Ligand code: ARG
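Here you get one chain, nothing else, as structure tokens; it is the form predicted alone.
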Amino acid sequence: MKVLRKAFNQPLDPVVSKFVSSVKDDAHLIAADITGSLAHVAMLEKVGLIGSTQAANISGALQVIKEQAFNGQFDLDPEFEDVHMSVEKKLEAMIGDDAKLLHTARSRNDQVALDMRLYTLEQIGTIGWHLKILNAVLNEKAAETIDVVMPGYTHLQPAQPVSFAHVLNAFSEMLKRDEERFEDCKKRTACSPLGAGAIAGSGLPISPEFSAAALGFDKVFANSIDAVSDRDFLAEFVFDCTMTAVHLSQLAETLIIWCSKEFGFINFSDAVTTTSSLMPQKKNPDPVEIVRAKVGTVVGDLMSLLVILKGLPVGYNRDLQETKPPAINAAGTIVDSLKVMALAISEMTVNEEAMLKAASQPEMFATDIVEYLVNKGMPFRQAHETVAEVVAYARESKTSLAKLPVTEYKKYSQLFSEDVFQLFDARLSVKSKVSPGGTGNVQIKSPEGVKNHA
């Protein structure tokens, strides 16, 4: 390491220098680091710790570095250990001694805490956008198939006929909750730690409130020790990523089952499927399968982060450097997974005939028969037991409920009449579920703000 060694008699061993360097992860933080430095410079000028000419010189050079980084023209130097020192040394090379004023009343401890908060807020915005896109794709597909009826499942066993759109809307509700969780995470993330210093604050006349306002934050740290060591917001963010990954895995698993030959409910286009190296007839939903697997990666990120945090003594510890990779990896994984799922669903076609056939199995109307008896005055539990006896008889006699003579029904209750056979219609079954939130009242609404998407 080339910097901060004046108090040491030996250079840092190259093995150690490489081991403690964070430049690989910090490549994701360059923009955040410079944004924080720009706010810090504005504060230093405001309180009179640097002059306006110096502030303009520093800020102008920082903007140039930020633009260079955006264009791929600025790389972090491993010899400078992290993003903070790389930017500072680049600044010094550009403007000379004025660059040495930048770190006034600041530590890398409060600096990195801010960088991770800014990075997290940026990723929350990106993930939120892609959640909206996936929801819009789900809503569009549901709107296209509003009249399609399929079996609803409990325990992966056929249960009752439901609307295909209703099933897609169930996943839409999951993703809406994910959006809400990420939005809520912003409240605890947008708190500025600038001014906390290494651990104790500063004896200089700084204004943390001004720095926070310059960053667009409405909250400032209350305790300098907590400010530099708090990574709760990262744990919350990665948990939110984990819940999204769980929901995407559930959606992926459902689609994989549906596109199997045994179900045949949906098909994916060639654009999102692969084949076998041995079996040329295969059409495999590989991208969706990988989305299903990614939940393991993100759960691992969450566990890694929590285990790092759980045994730390109070104050800043270098262990906190290792909280960066889980957050960065989880964010990237979720964005990529959301993109793939949106594409897969947009490239999905529905086999309406196969779904309707599967939803028309006579035993799937057992609950409709129960409600038929309830509407005729029979207590629910008695109606449930009565229909159970009819089902048992039909199975023993190897006769479909739809073809069982009404005289056989009447052996179990005189409330049965010929109109019972009107119940064996999957579409009518779906329409009859008029209770709020039920499958008969499907509402299809695209999320606001998403007009066009890839």
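Bear in mind that the values here come from a model prediction, so they are computed numbers and not experimental data. Just count from 1 along the sequence shown to find any residue number.
Another form exists, predicted in complex with arginine (ARG); not displayed. Remarks below refer to it.
Among the candidates 112, 328, 234, 162, the residue which, in the predicted bound form, approaches arginine (ARG) to within 4.5 Å (heavy atoms): The residue from 112, 328, 234, 162 that makes the contact is 112.
Between the options 117, 132, 84, 292, which residue brings a heavy atom to within 4.5 Å of arginine (ARG) in the predicted bound form? That would be 84.
Looking at 259-267, 360-368, 93-101, 319-327, which stretch has residues with any non-hydrogen atom within 4.5 Å of arginine (ARG) in the predicted bound form? Every other range fails; the passing one is 319-327.
Is the gap between residue 108 and arginine (ARG) in the predicted bound form 4.5 Å or less for some heavy atom pair? Yes - in the predicted bound form, heavy atoms of residue 108 and arginine (ARG) come within 4.5 Å of each other.
Please tell me whether any heavy atom belonging to residue 22 falls inside 4.5 Å of a heavy atom of arginine (ARG), as the geometry stands in the predicted bound form. Although arginine (ARG) is absent here, residue 22 would touch it in the predicted bound form, with heavy atoms inside 4.5 Å.
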